[in-house]
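Given as structure tokens, the chain that follows is alone and in the form predicted alone.
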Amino acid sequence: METVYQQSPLRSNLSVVWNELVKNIKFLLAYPVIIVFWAIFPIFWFIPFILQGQAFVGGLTSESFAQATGTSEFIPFIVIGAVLNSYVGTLLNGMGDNIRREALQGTLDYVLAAPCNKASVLIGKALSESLSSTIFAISQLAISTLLFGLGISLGVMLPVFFIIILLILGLYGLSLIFAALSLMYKQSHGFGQTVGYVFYVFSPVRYPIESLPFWAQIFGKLLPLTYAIIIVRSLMLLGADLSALYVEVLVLLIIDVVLILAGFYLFNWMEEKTKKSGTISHH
């Protein structure tokens, strides 16, 4: 008798994740201009702030800036915030754009009707976005090190990498929400852009959060990017130990859990709703 080989559920799900990851990376590599854009051009977005700071301060350090932030070096302060904020732009738009691309190519119905765990498909898409975002961030840090002398210690990179993972998880949750909106409204880019600006204003990307009005500080402390930036700056610029920042890490973890649960719930609900209405692959 012929023996039929059947993969275990875990192996099947991992296969879906891997193939989805490879597919999206191939799509990214097919458009190298996108790679150049996200790897280089974000640096030009924060260079004006550095030049403006030098013009106002008259040098590379500021004692008044140190009183507000704990460090007198405003260039590394801005670079760290800008690099972490680059994850927001790529991850928030990435998953929704992937879902939209599947619809435009006519493959979304087949993906969602496939006999596999839909979470595996979403995880594969999310991993491809986080991998590309990390490559972009590394390139930005490397260029910033050459241009601005940003010091990076190997000993501090492990806890920094851990915090970046926590930031990515929180952004995964938001990405799932935008993917759900993409199923219903056929466009999530506008939502992603709007939320990206909210992160940019209310998170301490360019300035300490204490410089914001009190109500804005409260709102900013609901965003995962705020805690990621505070922790990474404390590790890289102030020489703090990760154990001393356990409160910020715990809050970031709680925000991640809330966003991921909300994201999966909303996506599953929207998937069922669009399937019943017959509009899941409409343009």
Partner chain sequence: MDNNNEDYRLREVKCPTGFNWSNLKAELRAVWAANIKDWKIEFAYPESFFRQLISPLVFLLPFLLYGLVLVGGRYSDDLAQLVGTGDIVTFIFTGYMLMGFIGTAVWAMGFSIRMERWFGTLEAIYVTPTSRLGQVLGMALHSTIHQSIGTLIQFIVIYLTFGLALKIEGILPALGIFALMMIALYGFGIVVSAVGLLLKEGWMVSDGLYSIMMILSPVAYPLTVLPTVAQQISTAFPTAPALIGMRSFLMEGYQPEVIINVFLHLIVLGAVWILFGILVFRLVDVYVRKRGMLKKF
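Residue numbers count along the first chain shown, from 1. Remember, it's a predicted structure, so these values are computed and weren't measured experimentally.
Heads up, the form predicted together with its partner chain isn't pictured, but that's what we're talking about next.
Interface residue among 119, 181, 212, 127 relative to its partner chain in the predicted complex, by the heavy atom within 4.5 Å criterion: 212.
This chain is drawn without its partner chain; in the predicted complex, the residue among 142, 201, 131, 165 with a heavy atom within 4.5 Å of it is 201. Of the candidate stretches 222 to 230, 43 to 51, 235 to 243, 249 to 257, only 43 to 51 has residues whose heavy atoms lie within 4.5 Å of its partner chain in the predicted complex. In the predicted complex, at least one heavy atom of residue 197 sits within 4.5 Å of a heavy atom of its partner chain. At the 4.5 Å threshold, heavy atoms of residue 193 reach its partner chain in the predicted complex. Taking non-hydrogen atoms only, residue 217 never approaches its partner chain to within 4.5 angstroms in the predicted complex. Within this chain, residue 29 is remote from the site of its partner chain in the predicted complex, having no heavy atom within 4.5 Å. Residues of 61 to 84 lying near its partner chain in the predicted complex, listed in sequence order, are 62, 64, 65, 68, 74, 78, the criterion being any heavy atom within 4.5 Å.
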